[in-house]
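Heads up, the chain below is alone and in the form predicted alone; it's given as structure tokens.
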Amino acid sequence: MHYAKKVLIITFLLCITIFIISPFLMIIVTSFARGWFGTQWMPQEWTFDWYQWAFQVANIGAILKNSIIIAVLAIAMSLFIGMATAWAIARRPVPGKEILFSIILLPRMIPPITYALGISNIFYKLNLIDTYLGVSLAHVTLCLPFGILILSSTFEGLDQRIIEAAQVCGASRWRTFFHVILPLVMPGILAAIIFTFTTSYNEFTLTIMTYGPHTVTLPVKTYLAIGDGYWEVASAISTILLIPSLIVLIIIQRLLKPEKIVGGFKGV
């Protein structure tokens, strides 16, 4: 009975793993396949031509640069707004805190295309379409909730006695922040940066409504390649798109343990 239960659990976990991984394997295989159609399980011919197309014709190098620049700007703005907001929510008696949280989470609770339509109308009037600032600012609306939720939990975990001890020892407010608070909350800040980066880097709906010829990102380029019928090239672009995401996933697994997301430890 115990053996049968173990086999059942292993089979169940294996099926979940195959279900999750199989689309990625399909994309990778398609990116190297030539003439792979119909009912064939594996391609008869393999090629690197689609990656050459991606870099030479689709100009993936410039598009990857766009994605990185937009993600970095989204991180900077999300941290600037998120840290101040999260500190106020976690450490100050803010009236209507539940309403404030609801407003912050609203962009993630409604269909993305609905919110993107409103943003695009505003950005057209402000001449922010097809600018790094405009696209990254649109991404902030989705990145900010992650940052505020993570950072507010981190700030709530700070032990007030540690801050008071630093002040009693003569540390100024800024010295206390940089030498006491910041090291304690750094794991939470790192978590917010990682989640913000992955959200901005992979965002499609808000990007498609605010981008232009100079701000094409990898998700948008993948969509355009599929629309033009270049499935193999789109698969090559998607494979390239996976690499930074996998790097971030490895960082999350190695650097961010669940117990480290809360920066301070009460009762220590």
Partner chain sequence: MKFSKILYTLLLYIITFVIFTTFNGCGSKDKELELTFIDTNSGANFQWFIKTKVIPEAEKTLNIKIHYVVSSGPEIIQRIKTWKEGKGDIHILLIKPKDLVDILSSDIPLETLYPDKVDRIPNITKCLEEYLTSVLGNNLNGRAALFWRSQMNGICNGSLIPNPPSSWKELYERRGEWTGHIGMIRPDAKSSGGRRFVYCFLHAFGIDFSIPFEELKNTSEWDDVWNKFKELYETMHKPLASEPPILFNQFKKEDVWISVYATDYTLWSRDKGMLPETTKAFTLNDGVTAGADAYLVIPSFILEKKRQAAYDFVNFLLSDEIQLQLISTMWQYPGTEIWDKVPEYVWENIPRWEDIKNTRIRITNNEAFNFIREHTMEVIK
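Residue numbers count along the first chain shown, from 1. Since the model is a prediction, treat every value here as computed from it, not as a measurement.
Omitted from view is the form predicted together with the partner chain, to which the following refers.
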(message) Can you tell me if Ala165 lies within 4.5 angstroms of the partner chain in the model of the complex, counting non-hydrogen atoms only?
(response) no
(message) Glu156 versus the partner chain, in the model of the complex: is there a non-hydrogen atom within 4.5 Å?
(response) no
(request) Consider Ile181 of the chain shown here, and say whether it contacts the partner chain in the model of the complex, taking contact as heavy atoms within 4.5 Å. (result) no
(request) Determine whether any heavy atom of Phe32 comes within 4.5 Å of a heavy atom of the partner chain in the model of the complex, and answer yes or no. (result) no
(request) Heavy atoms within 4.5 Å of the partner chain in the model of the complex is the criterion; list the residues of 225 to 242 that meet it. (result) Ile226, Gly227, Asp228, Gly229, Tyr230, Trp231, Glu232
